[in-house]
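In the form predicted on its own, a lone chain appears below as structure tokens.
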């Protein structure tokens, strides 16, 4: 089995990289900035692909995630893509800082395209999720929630309206973009997210995100390990 993790930030991926001892393949995706780490686990391939950096900072957001996902699928041909990373969530829905979720749905919350139902449906996305996601979440004991994706860290009132109308619970900047590319290649996708900030609290989002990033990234490493062990044992 070939499993490929798509991760936006080095800080999100580093605890996972350290734990599994994956080795970087320098320049694998040149001229793209994406970074690739790999290892073998009992004859199975594990890849960790990062968006990379530009102008001295990690590339975050939908465009970078789309590029990394497309490059990974075309060159690595994974059996399963896992978008792993941090997210915002809502206290009113029972979320707490450090909670780990497996997504039961994924869509965009900031693509407001006027027109008929076909335009609206396409803009929201609502892409298919790995059909064993619920089985894995139940077996390991993770919460499940719907991921909604936008290109900005903040959230405007119109974004919140779309999130609430579509029962979104987790807010990120990459998930739906990764899922969009996976849908084009018919590659199964699963999303694992750890909460860094609560969208319905008054604190400054970026400061809370920075404060909780390291803790949430270690929680993601734990979750990734449990998911890998479950998948490889079952397969």
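These figures come from a predicted structure and were not determined experimentally. Numbering follows the first chain given and starts at 1.
Missing here is the form predicted in complex with another copy of the chain; even so, the following discussion is about that form.
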> Based on heavy atom distances of at most 4.5 Å to another copy of the chain in the predicted bound form, which listed stretch, 76-84, 89-97, 117-125, 138-146, is the contact stretch?
Replying inline: 117-125
>> Each of 107, 215 and 222 within 4.5 Å of another copy of the chain in the predicted bound form, by any heavy atom, yes or no?
In response: no
> Taking heavy atoms only, is residue 47 within 4.5 angstroms of another copy of the chain in the predicted bound form?
Replying inline: no
> Taking 4.5 angstroms as the cut-off for heavy atoms, does residue 201 touch another copy of the chain in the predicted bound form?
Replying inline: no
> According to a 4.5 angstroms non-hydrogen atom cut-off, is residue 33 in contact with another copy of the chain in the predicted bound form?
Replying inline: yes
>> Although the partner isn't part of this model, could you tell me whether residue 38 comes within 4.5 Å of another copy of the chain in the predicted bound form, counting any heavy atom of the residue?
In response: no
> Is any part of 160-192 within 4.5 angstroms of another copy of the chain in the predicted bound form by a non-hydrogen atom, and which residues would that be?
Replying inline: 173, 177, 180, 181, 183, 184, 185
